[in-house]
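Okay, so here's just one chain, in C-alpha coordinates, the form predicted on its own.
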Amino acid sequence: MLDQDRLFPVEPALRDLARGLYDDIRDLPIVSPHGHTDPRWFAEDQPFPDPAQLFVTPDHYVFRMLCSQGVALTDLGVPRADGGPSETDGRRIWRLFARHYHLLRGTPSRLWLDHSFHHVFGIDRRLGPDTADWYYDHIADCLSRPEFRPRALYERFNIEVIATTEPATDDLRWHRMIRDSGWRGRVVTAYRPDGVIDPEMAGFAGNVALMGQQTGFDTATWAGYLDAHRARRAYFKEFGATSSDHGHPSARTEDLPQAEAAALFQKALRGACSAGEADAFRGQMLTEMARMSLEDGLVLQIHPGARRNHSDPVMAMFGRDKGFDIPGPTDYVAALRPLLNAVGMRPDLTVILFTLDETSYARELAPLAGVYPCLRLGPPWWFYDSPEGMRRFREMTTETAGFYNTVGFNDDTRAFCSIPARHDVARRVDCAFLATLVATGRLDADEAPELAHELTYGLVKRAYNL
(Lines give C-alpha, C1' and ligand atoms only; values in the text may rest on other atoms or scores of the structure.)
Protein backbone atom coordinates (compact mmCIF):
# COMPACT_ATOMS: atom_id res chain seq x y z
CA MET A 1 0.00 0.00 0.00
CA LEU A 2 2.95 2.33 0.58
CA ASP A 3 5.67 3.49 -1.82
CA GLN A 4 9.00 2.71 -0.15
CA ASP A 5 10.48 5.94 -1.54
CA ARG A 6 7.55 8.19 -0.64
CA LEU A 7 8.45 11.80 0.06
CA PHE A 8 11.98 11.40 -1.32
CA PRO A 9 13.16 13.52 -4.29
CA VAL A 10 12.30 12.28 -7.75
CA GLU A 11 15.80 12.85 -9.22
CA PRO A 12 17.64 9.49 -8.88
CA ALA A 13 20.91 10.70 -7.34
CA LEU A 14 19.09 12.85 -4.80
CA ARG A 15 16.75 10.00 -4.01
CA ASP A 16 19.70 7.70 -3.34
CA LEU A 17 21.21 10.28 -0.97
CA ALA A 18 17.94 10.72 0.90
CA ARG A 19 17.34 6.98 1.11
CA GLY A 20 20.80 6.38 2.51
CA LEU A 21 20.34 9.01 5.23
CA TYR A 22 16.90 7.67 6.07
CA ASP A 23 18.12 4.08 6.34
CA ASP A 24 20.55 5.19 9.06
CA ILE A 25 17.89 6.80 11.26
CA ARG A 26 14.60 5.10 10.36
CA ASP A 27 14.71 2.76 13.38
CA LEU A 28 15.77 5.25 16.04
CA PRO A 29 13.46 5.34 19.08
CA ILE A 30 10.51 7.72 19.01
CA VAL A 31 10.75 10.62 21.43
CA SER A 32 7.31 12.24 21.68
CA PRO A 33 7.78 15.32 23.90
CA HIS A 34 4.37 16.93 23.39
CA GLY A 35 1.03 15.33 22.64
CA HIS A 36 -2.47 14.55 23.78
CA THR A 37 -2.74 10.80 24.11
CA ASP A 38 -4.83 9.73 27.09
CA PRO A 39 -2.72 8.54 30.05
CA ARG A 40 -5.64 6.34 31.08
CA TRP A 41 -4.82 4.11 28.10
CA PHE A 42 -1.44 3.26 29.55
CA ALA A 43 -2.67 3.16 33.16
CA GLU A 44 -5.47 0.63 32.63
CA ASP A 45 -4.06 -1.01 29.49
CA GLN A 46 -7.52 -2.00 28.27
CA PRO A 47 -8.31 -2.86 24.63
CA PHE A 48 -9.32 0.01 22.39
CA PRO A 49 -13.13 -0.20 21.98
CA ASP A 50 -13.55 -0.50 18.20
CA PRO A 51 -12.02 0.76 14.92
CA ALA A 52 -14.31 3.80 14.70
CA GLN A 53 -13.46 4.99 18.20
CA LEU A 54 -9.77 4.47 17.47
CA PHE A 55 -9.55 6.16 14.08
CA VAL A 56 -12.61 8.33 13.37
CA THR A 57 -14.55 9.73 16.31
CA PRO A 58 -11.62 11.33 18.20
CA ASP A 59 -9.66 12.57 15.16
CA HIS A 60 -10.52 16.15 14.22
CA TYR A 61 -8.30 15.92 11.12
CA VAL A 62 -10.65 13.21 9.81
CA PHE A 63 -14.07 14.41 10.87
CA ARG A 64 -13.50 18.06 9.91
CA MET A 65 -12.79 16.98 6.30
CA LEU A 66 -15.94 14.87 6.15
CA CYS A 67 -17.91 17.70 7.77
CA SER A 68 -16.70 20.03 5.00
CA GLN A 69 -18.50 17.76 2.52
CA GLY A 70 -21.74 17.74 4.45
CA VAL A 71 -21.34 14.70 6.72
CA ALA A 72 -22.95 15.36 10.12
CA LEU A 73 -20.62 15.15 13.11
CA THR A 74 -23.30 13.23 14.99
CA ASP A 75 -23.25 10.57 12.26
CA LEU A 76 -19.53 10.16 12.91
CA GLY A 77 -20.12 9.55 16.59
CA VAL A 78 -18.83 12.90 17.81
CA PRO A 79 -20.52 13.31 21.20
CA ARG A 80 -22.86 16.21 21.83
CA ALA A 81 -22.17 18.55 24.72
CA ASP A 82 -25.77 18.25 25.92
CA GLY A 83 -25.77 14.47 25.85
CA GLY A 84 -28.16 14.40 22.90
CA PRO A 85 -28.28 11.61 20.33
CA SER A 86 -25.14 10.77 18.38
CA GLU A 87 -24.28 7.62 16.45
CA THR A 88 -22.83 4.87 18.67
CA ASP A 89 -22.73 1.95 16.24
CA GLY A 90 -19.04 1.63 15.35
CA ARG A 91 -19.67 -0.32 12.17
CA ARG A 92 -22.10 2.29 10.81
CA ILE A 93 -19.60 5.04 11.58
CA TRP A 94 -16.85 3.06 9.87
CA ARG A 95 -18.91 2.44 6.73
CA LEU A 96 -19.66 6.16 6.49
CA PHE A 97 -15.96 6.93 6.93
CA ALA A 98 -15.02 4.39 4.25
CA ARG A 99 -17.52 5.87 1.76
CA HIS A 100 -15.80 9.22 2.15
CA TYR A 101 -12.20 8.04 2.45
CA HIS A 102 -11.44 9.46 -1.00
CA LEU A 103 -11.82 12.96 0.46
CA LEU A 104 -8.48 12.51 2.22
CA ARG A 105 -6.51 11.96 -1.01
CA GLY A 106 -3.29 13.97 -1.00
CA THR A 107 -3.60 14.95 2.66
CA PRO A 108 -1.27 14.09 5.56
CA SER A 109 -4.17 12.21 7.16
CA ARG A 110 -4.19 9.80 4.24
CA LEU A 111 -0.47 9.16 4.70
CA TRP A 112 -0.89 8.59 8.44
CA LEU A 113 -3.93 6.35 8.08
CA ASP A 114 -2.48 4.19 5.31
CA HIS A 115 0.76 3.84 7.30
CA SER A 116 -1.21 2.80 10.39
CA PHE A 117 -3.40 0.34 8.49
CA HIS A 118 -0.38 -1.26 6.82
CA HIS A 119 2.27 -1.24 9.54
CA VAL A 120 0.12 -1.62 12.65
CA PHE A 121 -2.61 -3.90 11.32
CA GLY A 122 -0.90 -5.60 8.38
CA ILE A 123 -3.46 -4.47 5.80
CA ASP A 124 -2.45 -4.51 2.12
CA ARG A 125 -5.59 -3.20 0.40
CA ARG A 126 -7.12 0.28 0.19
CA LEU A 127 -10.04 1.33 2.35
CA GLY A 128 -13.26 2.02 0.48
CA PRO A 129 -16.94 1.07 0.49
CA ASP A 130 -16.18 -2.43 -0.82
CA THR A 131 -13.56 -3.15 1.85
CA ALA A 132 -15.16 -1.33 4.78
CA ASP A 133 -16.59 -4.37 6.56
CA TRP A 134 -13.46 -6.42 5.96
CA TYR A 135 -11.35 -3.60 7.45
CA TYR A 136 -13.67 -3.26 10.43
CA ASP A 137 -13.66 -6.98 11.22
CA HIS A 138 -9.91 -7.29 10.75
CA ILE A 139 -9.04 -4.30 12.95
CA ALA A 140 -11.63 -5.29 15.58
CA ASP A 141 -10.14 -8.78 15.74
CA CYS A 142 -6.65 -7.32 16.16
CA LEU A 143 -7.83 -4.99 18.94
CA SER A 144 -9.10 -7.99 20.91
CA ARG A 145 -5.56 -9.42 21.16
CA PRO A 146 -3.07 -8.60 23.93
CA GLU A 147 -0.45 -7.42 21.45
CA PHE A 148 -2.71 -4.55 20.39
CA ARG A 149 -3.27 -3.12 23.85
CA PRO A 150 -1.81 0.33 24.55
CA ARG A 151 1.30 -0.78 26.42
CA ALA A 152 2.15 -3.43 23.84
CA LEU A 153 1.74 -0.93 21.00
CA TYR A 154 3.89 1.61 22.89
CA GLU A 155 6.68 -0.97 22.98
CA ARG A 156 6.10 -2.11 19.39
CA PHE A 157 6.24 1.48 18.17
CA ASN A 158 9.68 1.79 19.80
CA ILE A 159 8.60 4.76 21.89
CA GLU A 160 11.28 5.82 24.34
CA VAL A 161 9.17 8.47 26.07
CA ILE A 162 5.80 10.08 25.43
CA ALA A 163 4.39 13.23 27.04
CA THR A 164 0.70 13.75 27.64
CA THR A 165 -0.84 17.13 28.47
CA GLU A 166 -3.02 17.76 31.54
CA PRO A 167 -4.74 20.86 32.95
CA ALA A 168 -3.10 22.54 35.93
CA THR A 169 -5.81 21.26 38.27
CA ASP A 170 -5.67 17.63 37.13
CA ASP A 171 -5.08 15.14 39.94
CA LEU A 172 -2.80 13.06 37.63
CA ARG A 173 -4.40 9.85 38.90
CA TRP A 174 -3.62 7.98 35.70
CA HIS A 175 0.03 8.98 35.84
CA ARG A 176 0.13 7.79 39.43
CA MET A 177 -1.38 4.46 38.37
CA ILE A 178 1.22 4.11 35.62
CA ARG A 179 4.02 4.84 38.06
CA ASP A 180 2.67 2.44 40.67
CA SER A 181 2.11 -0.37 38.16
CA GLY A 182 5.79 -1.09 37.71
CA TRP A 183 5.50 -0.96 33.89
CA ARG A 184 8.75 0.26 32.38
CA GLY A 185 7.19 2.51 29.71
CA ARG A 186 7.95 6.18 30.22
CA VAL A 187 4.80 8.31 30.09
CA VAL A 188 5.25 11.83 31.48
CA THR A 189 2.84 14.72 31.87
CA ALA A 190 3.07 18.39 30.84
CA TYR A 191 1.67 21.39 32.71
CA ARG A 192 -1.16 23.07 30.74
CA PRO A 193 -2.44 26.00 32.84
CA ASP A 194 -4.74 27.69 30.29
CA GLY A 195 -7.79 27.06 32.46
CA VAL A 196 -6.26 29.03 35.34
CA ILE A 197 -4.55 31.68 33.18
CA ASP A 198 -7.15 32.67 30.59
CA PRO A 199 -9.86 34.95 32.06
CA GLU A 200 -12.01 34.32 28.97
CA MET A 201 -12.13 30.56 29.52
CA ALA A 202 -15.31 29.22 31.07
CA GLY A 203 -14.89 28.45 34.75
CA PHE A 204 -11.72 30.52 35.19
CA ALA A 205 -12.48 31.80 38.70
CA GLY A 206 -13.62 28.36 39.85
CA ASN A 207 -10.48 26.76 38.47
CA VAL A 208 -8.33 29.28 40.32
CA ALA A 209 -10.21 28.55 43.53
CA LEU A 210 -9.73 24.80 43.01
CA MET A 211 -6.01 25.34 42.55
CA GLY A 212 -5.99 27.12 45.88
CA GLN A 213 -7.74 24.17 47.54
CA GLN A 214 -5.25 21.75 46.02
CA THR A 215 -2.19 23.68 47.17
CA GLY A 216 -3.28 25.41 50.37
CA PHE A 217 -2.40 28.86 49.01
CA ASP A 218 -4.81 31.78 48.99
CA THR A 219 -5.45 32.14 45.28
CA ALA A 220 -7.67 35.14 45.88
CA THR A 221 -4.39 37.08 46.19
CA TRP A 222 -1.80 37.65 43.47
CA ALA A 223 1.06 36.30 45.59
CA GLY A 224 -0.93 33.23 46.61
CA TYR A 225 -1.98 32.63 43.03
CA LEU A 226 1.64 32.63 41.85
CA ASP A 227 2.68 30.35 44.71
CA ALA A 228 -0.11 27.94 43.80
CA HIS A 229 1.29 27.74 40.26
CA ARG A 230 4.71 26.95 41.68
CA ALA A 231 3.23 24.20 43.81
CA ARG A 232 1.27 22.66 40.94
CA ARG A 233 4.31 22.77 38.66
CA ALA A 234 6.28 20.94 41.34
CA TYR A 235 3.51 18.34 41.59
CA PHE A 236 3.58 17.81 37.83
CA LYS A 237 7.35 17.40 37.96
CA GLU A 238 6.83 14.50 40.37
CA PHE A 239 5.15 12.72 37.46
CA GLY A 240 7.89 13.41 34.96
CA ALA A 241 6.90 16.80 33.56
CA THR A 242 9.73 18.62 31.81
CA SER A 243 7.59 21.25 30.09
CA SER A 244 4.63 23.58 30.38
CA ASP A 245 2.36 24.29 27.44
CA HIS A 246 0.38 27.43 26.67
CA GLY A 247 -2.28 27.65 23.96
CA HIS A 248 -2.97 31.37 23.75
CA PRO A 249 -4.85 33.28 21.04
CA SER A 250 -1.79 35.50 20.52
CA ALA A 251 1.91 35.48 21.39
CA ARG A 252 1.48 38.63 23.45
CA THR A 253 3.63 38.96 26.55
CA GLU A 254 3.75 41.65 29.22
CA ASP A 255 6.07 42.55 32.09
CA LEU A 256 3.89 44.80 34.20
CA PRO A 257 4.82 46.18 37.61
CA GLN A 258 3.63 43.69 40.20
CA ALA A 259 1.01 46.08 41.60
CA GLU A 260 -0.54 46.47 38.14
CA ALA A 261 -0.43 42.74 37.57
CA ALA A 262 -2.16 42.15 40.92
CA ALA A 263 -4.90 44.64 40.04
CA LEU A 264 -5.43 43.00 36.67
CA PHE A 265 -5.66 39.60 38.36
CA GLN A 266 -8.42 40.88 40.64
CA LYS A 267 -10.39 42.12 37.61
CA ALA A 268 -9.93 38.69 36.02
CA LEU A 269 -11.30 36.94 39.12
CA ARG A 270 -14.35 39.22 39.08
CA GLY A 271 -14.95 38.54 35.39
CA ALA A 272 -14.55 42.25 34.72
CA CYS A 273 -11.72 42.17 32.14
CA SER A 274 -12.21 43.61 28.70
CA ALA A 275 -10.92 41.51 25.80
CA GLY A 276 -7.73 43.60 25.75
CA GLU A 277 -7.23 43.23 29.49
CA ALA A 278 -7.74 39.48 29.29
CA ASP A 279 -5.07 39.31 26.56
CA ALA A 280 -2.76 41.43 28.70
CA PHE A 281 -3.24 39.10 31.66
CA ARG A 282 -2.43 36.07 29.54
CA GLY A 283 0.64 37.93 28.32
CA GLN A 284 1.73 38.75 31.86
CA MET A 285 1.37 35.11 32.84
CA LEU A 286 3.64 33.96 30.01
CA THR A 287 6.38 36.12 31.48
CA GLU A 288 5.59 34.84 34.98
CA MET A 289 5.74 31.26 33.68
CA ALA A 290 9.11 31.99 32.08
CA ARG A 291 10.44 33.24 35.42
CA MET A 292 9.13 30.12 37.11
CA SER A 293 10.89 28.04 34.46
CA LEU A 294 14.13 29.64 35.55
CA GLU A 295 13.35 28.37 39.05
CA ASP A 296 12.18 24.82 38.26
CA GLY A 297 13.64 24.04 34.82
CA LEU A 298 10.40 23.38 32.93
CA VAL A 299 10.60 24.14 29.22
CA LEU A 300 8.04 26.79 28.18
CA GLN A 301 6.06 25.99 25.02
CA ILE A 302 3.94 28.71 23.39
CA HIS A 303 1.27 27.54 20.91
CA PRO A 304 -0.40 30.77 19.71
CA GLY A 305 -2.49 31.81 16.76
CA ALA A 306 -5.48 29.45 16.70
CA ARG A 307 -8.80 31.24 16.37
CA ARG A 308 -10.57 28.57 18.35
CA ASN A 309 -14.18 27.38 18.09
CA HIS A 310 -14.90 29.50 15.02
CA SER A 311 -18.42 28.11 14.59
CA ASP A 312 -20.79 29.20 17.33
CA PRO A 313 -23.39 26.51 16.47
CA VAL A 314 -20.77 23.74 16.58
CA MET A 315 -19.37 25.09 19.84
CA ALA A 316 -22.86 25.14 21.34
CA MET A 317 -23.71 21.61 20.22
CA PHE A 318 -20.37 19.80 20.58
CA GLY A 319 -18.12 21.97 22.76
CA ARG A 320 -14.46 22.82 22.28
CA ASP A 321 -11.89 21.23 19.97
CA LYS A 322 -14.21 19.87 17.30
CA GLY A 323 -12.30 20.82 14.17
CA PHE A 324 -13.40 24.45 13.93
CA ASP A 325 -10.14 26.03 15.10
CA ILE A 326 -8.71 28.20 12.30
CA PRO A 327 -5.20 29.71 11.94
CA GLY A 328 -4.78 33.47 12.01
CA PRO A 329 -1.97 36.01 11.54
CA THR A 330 0.34 36.19 14.55
CA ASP A 331 2.90 38.82 15.57
CA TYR A 332 6.00 37.65 17.44
CA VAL A 333 8.51 40.51 17.23
CA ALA A 334 6.51 43.06 19.21
CA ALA A 335 4.49 40.49 21.14
CA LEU A 336 7.47 38.67 22.67
CA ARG A 337 9.58 41.74 23.40
CA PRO A 338 8.48 42.20 27.04
CA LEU A 339 9.29 38.58 27.89
CA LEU A 340 12.57 38.69 25.97
CA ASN A 341 13.63 41.94 27.60
CA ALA A 342 13.01 40.29 30.96
CA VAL A 343 14.61 36.86 30.46
CA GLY A 344 15.51 36.41 26.79
CA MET A 345 19.27 36.42 27.27
CA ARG A 346 19.19 33.57 29.78
CA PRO A 347 20.73 30.42 28.25
CA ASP A 348 19.36 28.38 31.17
CA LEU A 349 15.80 29.04 29.94
CA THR A 350 14.20 27.30 26.97
CA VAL A 351 11.16 28.84 25.28
CA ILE A 352 9.86 26.87 22.30
CA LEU A 353 7.80 28.85 19.79
CA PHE A 354 5.19 27.32 17.52
CA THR A 355 3.15 29.04 14.83
CA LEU A 356 0.12 28.65 12.60
CA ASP A 357 1.29 31.65 10.55
CA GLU A 358 3.89 30.50 8.05
CA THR A 359 4.52 34.07 6.90
CA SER A 360 6.32 34.59 10.21
CA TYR A 361 8.97 31.88 9.65
CA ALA A 362 11.61 33.86 7.77
CA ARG A 363 10.47 37.34 8.75
CA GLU A 364 10.12 36.93 12.55
CA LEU A 365 10.61 33.51 14.08
CA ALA A 366 13.94 32.51 12.54
CA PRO A 367 15.59 35.90 13.22
CA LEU A 368 14.37 35.83 16.83
CA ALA A 369 15.52 32.26 17.48
CA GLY A 370 18.72 33.00 15.62
CA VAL A 371 19.85 35.52 18.25
CA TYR A 372 18.06 35.08 21.61
CA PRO A 373 19.68 32.32 23.70
CA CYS A 374 16.40 31.21 25.28
CA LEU A 375 14.43 30.70 22.05
CA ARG A 376 13.96 27.57 19.99
CA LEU A 377 11.59 26.92 17.09
CA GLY A 378 9.07 24.13 17.44
CA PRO A 379 8.32 22.02 14.37
CA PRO A 380 5.45 22.64 11.95
CA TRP A 381 2.28 22.24 13.92
CA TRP A 382 -1.32 21.23 13.36
CA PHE A 383 -2.40 22.44 9.90
CA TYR A 384 1.25 22.40 8.75
CA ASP A 385 2.22 19.02 10.19
CA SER A 386 2.57 17.83 6.59
CA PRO A 387 5.32 17.04 4.08
CA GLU A 388 4.98 20.43 2.41
CA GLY A 389 4.76 22.24 5.74
CA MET A 390 7.91 20.53 7.00
CA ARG A 391 9.80 21.33 3.81
CA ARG A 392 8.74 24.98 3.90
CA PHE A 393 9.79 25.21 7.54
CA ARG A 394 13.31 23.99 6.78
CA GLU A 395 13.64 26.18 3.71
CA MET A 396 12.51 29.35 5.45
CA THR A 397 14.15 28.98 8.87
CA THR A 398 17.48 27.21 8.31
CA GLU A 399 19.18 30.12 6.59
CA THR A 400 18.74 32.34 9.67
CA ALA A 401 18.19 30.05 12.68
CA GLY A 402 20.19 27.05 11.52
CA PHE A 403 19.31 23.55 12.63
CA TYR A 404 20.43 23.78 16.23
CA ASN A 405 17.87 26.42 17.21
CA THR A 406 15.11 23.95 16.33
CA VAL A 407 13.91 21.05 18.47
CA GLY A 408 13.39 18.09 16.17
CA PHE A 409 9.86 16.78 15.71
CA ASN A 410 6.86 16.28 17.94
CA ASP A 411 3.59 14.71 16.88
CA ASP A 412 1.16 16.69 19.10
CA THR A 413 -1.56 14.08 18.56
CA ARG A 414 -4.42 12.23 20.21
CA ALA A 415 -4.34 9.57 17.47
CA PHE A 416 -2.08 6.94 19.03
CA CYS A 417 -1.67 4.69 15.99
CA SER A 418 -0.57 7.65 13.85
CA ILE A 419 2.49 8.40 15.99
CA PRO A 420 4.93 6.15 14.09
CA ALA A 421 3.51 7.44 10.80
CA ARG A 422 3.96 11.09 11.72
CA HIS A 423 7.53 10.58 12.91
CA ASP A 424 8.29 8.60 9.74
CA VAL A 425 7.03 11.48 7.59
CA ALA A 426 9.26 13.95 9.46
CA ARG A 427 12.29 11.69 9.12
CA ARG A 428 11.76 11.26 5.38
CA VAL A 429 11.23 14.98 4.76
CA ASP A 430 14.30 15.97 6.78
CA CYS A 431 16.45 13.42 4.97
CA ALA A 432 15.20 14.72 1.62
CA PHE A 433 16.10 18.27 2.67
CA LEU A 434 19.57 17.25 3.85
CA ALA A 435 20.17 15.36 0.60
CA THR A 436 19.36 18.54 -1.33
CA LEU A 437 21.88 20.50 0.75
CA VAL A 438 24.57 17.92 0.06
CA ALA A 439 23.81 17.77 -3.66
CA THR A 440 23.95 21.56 -3.98
CA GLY A 441 27.22 21.91 -2.09
CA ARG A 442 25.78 23.53 1.05
CA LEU A 443 26.49 20.63 3.39
CA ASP A 444 29.40 18.20 3.43
CA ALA A 445 28.41 14.59 2.87
CA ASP A 446 29.97 13.46 6.14
CA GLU A 447 27.93 16.04 8.10
CA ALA A 448 24.55 14.92 6.81
CA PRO A 449 24.26 11.63 8.77
CA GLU A 450 25.09 13.41 12.03
CA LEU A 451 22.47 16.06 11.28
CA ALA A 452 19.87 13.44 10.40
CA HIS A 453 20.45 11.82 13.79
CA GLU A 454 20.20 15.17 15.56
CA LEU A 455 16.96 16.16 13.81
CA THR A 456 15.44 12.77 14.61
CA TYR A 457 16.66 12.17 18.15
CA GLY A 458 19.34 14.41 19.64
CA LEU A 459 17.75 17.85 19.45
CA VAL A 460 14.43 16.81 20.97
CA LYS A 461 16.10 14.98 23.85
CA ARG A 462 18.18 18.03 24.77
CA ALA A 463 15.50 20.66 24.17
CA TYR A 464 12.97 18.94 26.41
CA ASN A 465 15.43 17.59 28.98
CA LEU A 466 14.38 14.04 28.21
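The first residue of the sequence shown is number 1, and the count goes up from there. Just so we're clear, the structure is a prediction, and the values are computed from it rather than from any experiment.
One more form of this protein, predicted in complex with a further copy of the same chain, exists but is not displayed; see below.
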| query | finding |
| --- | --- |
| Contact segment among 283 to 291, 306 to 314, 226 to 234, 140 to 148, judged by heavy atoms lying within 4.5 Å of a further copy of the same chain in the predicted bound form | 306 to 314 |
| Contact of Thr413 with a further copy of the same chain in the predicted bound form (heavy atom, 4.5 Å) | no |
| Residue contact check: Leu28 to a further copy of the same chain in the predicted bound form, 4.5 Å heavy atom | no |
| Touches a further copy of the same chain in the predicted bound form: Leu7 (any heavy atom, 4.5 Å) | yes |
| Exercise: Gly84 in contact with a further copy of the same chain in the predicted bound form, heavy atom 4.5 Å | no |
| Candidate from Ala251, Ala369, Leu300, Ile178 lying within 4.5 Å of a further copy of the same chain in the predicted bound form - any heavy atom | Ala369 |
| Residue (of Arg156, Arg92, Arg320, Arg363) lying close to a further copy of the same chain in the predicted bound form, criterion heavy atoms within 4.5 Å | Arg363 |
| Triplet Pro347, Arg376 and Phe403 all within 4.5 Å of a further copy of the same chain in the predicted bound form via a heavy atom | yes |
| Residues in 386 to 402 with any heavy atom within 4.5 Å of a further copy of the same chain in the predicted bound form | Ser386, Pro387, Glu388, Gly389, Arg391, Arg392, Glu395, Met396, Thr398, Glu399, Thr400, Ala401, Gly402 |
